[in-house]
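Read the single chain below, which is given as structure tokens and is the form predicted on its own.
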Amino acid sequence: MTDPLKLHPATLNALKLGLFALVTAALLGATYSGTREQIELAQLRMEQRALAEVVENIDHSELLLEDRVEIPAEGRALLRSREGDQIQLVRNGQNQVVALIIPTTAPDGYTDAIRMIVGINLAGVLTGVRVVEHKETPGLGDKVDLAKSNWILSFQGKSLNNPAAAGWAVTKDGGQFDSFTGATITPRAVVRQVRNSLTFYRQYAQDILDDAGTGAATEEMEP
């Protein structure tokens, strides 16, 4: 008489394979989850470091990067902002707002869109620019990354009117910003979007400060 609890070898093998698949899937899921968390943490640390870098030349003993505010809906097109992007208020040790850090995206990089953060003080002067995400060609367009070259530092101290409008272009187009040998599209896209960020600041900064209840006011724009 056949034992009703005894499984056919084929059935037993199928159950073993099924159990193996479940265990493997669970292990892969745990590995993926852990890897994803590590990647997200590394991205957060990189962006925090970039935030500090774009305002490190502001003459204050202590800067606070704690408050974020929404981007005005009507200004999102100018910044090419992404879902979840917010503006960072920069405060000094006396809790006074001294600058804004604005997320912006150059949509027309050579390979893909280029994500940046742009620091602007209350006089409308750039305190710094950093690329936080790009897929530009190694050895060519990736020179927008500070880890590859100092080119991105050339924006520091510039404002909407310094240089004049014609100067906000790469040298190949008659402007004041160097292009890269063999790669003009990438720097051209970054220059254009940094200027768009300054235009956004001029149009919306005071509204942002008022809505945030900071009591701060933009200063007279640099000539």
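The first residue of the shown sequence is 1; numbering continues from there. Just so it is clear, the structure is predicted and the values come from calculations on it, not from any experiment.
Just so you know, the form predicted in complex with a small molecule exists too; it's not on screen, but the next bit is about it.
Undergrad: I'd like to know if residue 182 sits close to the small molecule in the model of the complex, meaning any non-hydrogen atom pair within 4.5 angstroms.
TA: Looking in the model of the complex, residue contacts with the small molecule include residue 182, since a heavy atom lies within 4.5 Å.
Undergrad: Indicate whether the small molecule has at least one heavy atom within 4.5 Å of a heavy atom of residue 110 in the model of the complex.
TA: The answer is yes: residue 110 has a heavy atom within 4.5 Å of the small molecule.
Undergrad: Is there a heavy atom of residue 140 lying 4.5 Å or less from a heavy atom of the small molecule in the model of the complex?
TA: Yes.
Undergrad: Could you tell me if residue 197 has a non-hydrogen atom within 4.5 Å of the small molecule in the model of the complex?
TA: No.
Undergrad: Could you tell me which stretch in 99-107, 72-80, 115-123, 131-139 has residues with non-hydrogen atoms within 4.5 Å of the small molecule in the model of the complex?
TA: Partner-contacting stretch among the options: 131-139.
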